[in-house]
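Quick heads-up: it's one chain on its own, the form predicted on its own, in C-alpha cells.
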C-alpha cells in the first residue's frame, strides 16, 4: 500500500444498503444504484469501512466477483464518486486530500523526477482546524490534511524550491515512494507548483493572496462550508439590536426635509445618474447643518422597525441583505456651518448626531488619510466613516457575511452619490481607510465594529 494512494469514502456520506439497491447521500445529493452486483457491494464496503483500500485492490475485488464487464461499470461509478468529491485520497501516515466541492478532479501529474523542482504555492496557507493541521489554497477544490511531523516538515521545506532528490536526502527515513506520492498529491491539489507549470501565470500574478482567498471562500464552488442564512447562532447568542443605542449625551437634532415635496422638485433619476461624479474641491462657503441633515435623512435614516422571531429588522433608503442594516455612519465634521467640529455618530432612528470627541491628533490623522486617498485636493469638509457591526450579519449568514458588507457599502456609496448630486453637493467615495485608527477614535472593538468604507462630502464649487 506504500506505492499508491489509499481510497476511502467520505465518512459523512450516508450508506444505505437494501436488497435491490444501494443509496448514497451527502447533503442534498443522492445516488441510487439499482441491482448492485456482489463485487460492487464489496467494493463500497471496503471504501466505507476501515482504513481504506487501494484502487488495485478494488479492481481485483470487483473483477473476481463480477468479471471484466462488471469492472468497466464499477470504474465509471468510482469516477462519478470522485467527481462528486466523495472519495478521499490518502498516503498512509502522511496526508489525506479531502475534496471540498463537486466537479472535482484528482489528476495525477506527469513529472520528470530528475529535472522538476517543487515550490509551495504563494496562495497556499496552513491552519489548525479541530486539532488537525490543514493545508488549503483558493486555487484548489480540496484541502490537504497533514497527519504527521514529517508532512509538516516537507511543507516547510517547500517554501524554497526543492527537487525530489533534495527532499529524499533531507527525509532519508521516509519511504521513497511515499515522498513521490506526497509530491504528486500536492501538485494535483494545486497547493504546490512544479517548475513546468506556466498556465495563467500572468493572470494569477495580478491576484493578491487575501483577495483570491476571500473570493473563493465567499462564493460557492471551492469550499464545503454552509452558505447563506443558516442562523447558526440562534438560541446560542442574542442578535444585535437593529439600531445601535445612543453612545453620547451630547446630541444635535438634525433637519428633516419634506420627502413629499422633494419628490416634486428633485432632478430626475436619469439626470442624477448621468451627472454624478466625484468632486474633491469645495466652494469657499462650506456645507451647512441643514444640508448635512437632509443628506443623512435621505440616505441612511430608519424608516421603519420590523420585529420577528429572528430579531429586529429595519427599512432604510438603501437596500441591505435580510433588512439587517449592519452599517453605521460616523461623520467627522471638519468645516460645517451650524455644527461644531468634532467626531460624531449618526443615530438613524432619532435622526441626530451624537458627539463622541472633539477634533484631536487622531481625527486630524483621519482627515489627512482621507485627503491623501482623494488625491491631495481640498481638505475634506466632512469625512463619513462607514463602520460595520459585523455580528449583525454573521449571526444569520454564514460564509457570505463579509462579502455582503462590502456589497452594502457599494449600494450606500451609490445612494450617497445620487442624493449628493440631487442636492448639488460635492461627493467622493474613498478606496481605503485605517480601520485601527477608526476603532481608536470611535472606541469600538476592531472585531465587533470597525470601518469598512469612507465617503467625503462638501459644498459644490459649481453653482447650478
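Residue numbers count along the first chain shown, from 1. Since the structure is predicted, the reported quantities are computational estimates derived from the model, not experimental observations.
We do not show the form predicted together with another copy of the chain, though everything after this point is about it.
- Heavy atoms within 4.5 Å of another copy of the chain in the predicted bound form belong, among the stretches 108 to 116, 342 to 350, 304 to 312, 232 to 240, to residues of 232 to 240.
- Think of it this way: in the predicted bound form, another copy of the chain has a heavy atom of just one of 86, 371, 77, 390 within 4.5 Å, and the residue is 390.
- Think of it this way: in the predicted bound form, another copy of the chain has a heavy atom of just one of 73, 166, 160, 357 within 4.5 Å, and the residue is 160.
- For the chain shown alone, residue 448 is a contact residue for another copy of the chain in the predicted bound form, at least one non-hydrogen atom being within 4.5 angstroms.
- By the criterion of a heavy atom within 4.5 Å, residue 217 is counted among the residues contacting another copy of the chain in the predicted bound form.
- Using a 4.5 Å cutoff between non-hydrogen atoms, residue 91 does not count as a contact of another copy of the chain in the predicted bound form.
- Shown alone here, residue 141 lies within 4.5 Å of another copy of the chain in the predicted bound form, counting heavy atoms only.
- Although another copy of the chain is not shown here, in the predicted bound form the stretch 221 to 259 places heavy atoms of 221, 222, 227, 232, 233, 237, 259 within 4.5 Å of it, in sequence order.
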